[in-house]
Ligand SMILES: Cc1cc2nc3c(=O)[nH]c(=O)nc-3n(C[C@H](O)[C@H](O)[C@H](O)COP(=O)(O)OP(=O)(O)OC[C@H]3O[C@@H](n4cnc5c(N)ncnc54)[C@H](O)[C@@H]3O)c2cc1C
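Shown here is one chain on its own, the form predicted alone, set out as structure tokens.
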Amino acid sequence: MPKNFKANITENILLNEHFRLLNLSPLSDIIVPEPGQFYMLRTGDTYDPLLKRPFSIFRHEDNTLKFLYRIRGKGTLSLSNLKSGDIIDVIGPLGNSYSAPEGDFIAIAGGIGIASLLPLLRRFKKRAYLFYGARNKDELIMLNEARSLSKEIFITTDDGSEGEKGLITDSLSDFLNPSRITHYALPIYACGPTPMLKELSKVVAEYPSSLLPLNKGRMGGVKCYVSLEEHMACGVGACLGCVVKTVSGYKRVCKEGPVFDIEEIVWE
């Protein structure tokens, strides 16, 4: 089944000043996406901008693909102007997905990173301790759904307008106290801006693997998977425009990722 297809826009919903929810109805049979995968979408009916843009799959149901996106540049602004009935070119699903957790797990989302993680939370309902951080309360999108799907939720904002004031990685660090071994042993799945993921790598590295015999030999005792947000040109590994440095050389986020073990990445 081909990954290239055309889709009809059924809705392009304004959620608030910055965020929209795009609903697409594929015009042919498609491959069912897995949590953590992404698609390349043409953002307009012209070739300006020329390149497609990558978007994490937010939801797939009833032959509808849903994408949550933030208006932040020329491509997403163009996408926001598309209307119901418009036809766009799509490639996907692309990349690897999150591995399935065996039991409870931790999810950490920074801003629009929640779009990548909510499919995982839907598949494994009430099993996630969700840590959700944003600059302010207006950027905590889909918060009610996130609450309903989570076993427990922890919220931080930079300005204190919702939840605790501060960084979500600080909240996670408190939660991963070795005295609470049942929490400490849980795998982590994360998606968000690079500074958040870099700080998360430090949090994970702080905990000695000796506390968890099954994880001996790891940099830290916590198993952690991160979905990287990178600019992409082709989405299929041909252009090498999204490479990141890893401990085993440079890898393509679109092909070898977007989900990596956090220990693979060289955080510079």
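Note that residue numbering follows the sequence shown and begins at 1. Computed from a predicted model, the values in this text were never measured in an experiment.
From this point on, the text means the form predicted in complex with the named molecule, which you will not see here.
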Segment that reaches the named molecule in the model of the complex - one of 133 to 141, 75 to 83, 166 to 174, 147 to 155, heavy atoms within 4.5 Å
75 to 83
In the model of the complex, the residue from Leu65, Val222, Leu200, Leu68 that sits within 4.5 Å of the named molecule by heavy atoms:
Leu68
The named molecule contact at Ala128 in the model of the complex, heavy atom, 4.5 Å
no
Although the partner isn't part of this model, could you tell me whether Glu34 comes within 4.5 Å of the named molecule in the model of the complex, counting any heavy atom of the residue?
no
Non-hydrogen atom contact Arg42 with the named molecule in the model of the complex at 4.5 angstroms:
no
4.5 Å heavy atom contact, Met232 to the named molecule in the model of the complex
yes
Sequence order please: the residues of 107 to 125 with a heavy atom within 4.5 Å of the named molecule in the model of the complex.
Ile112, Ala115
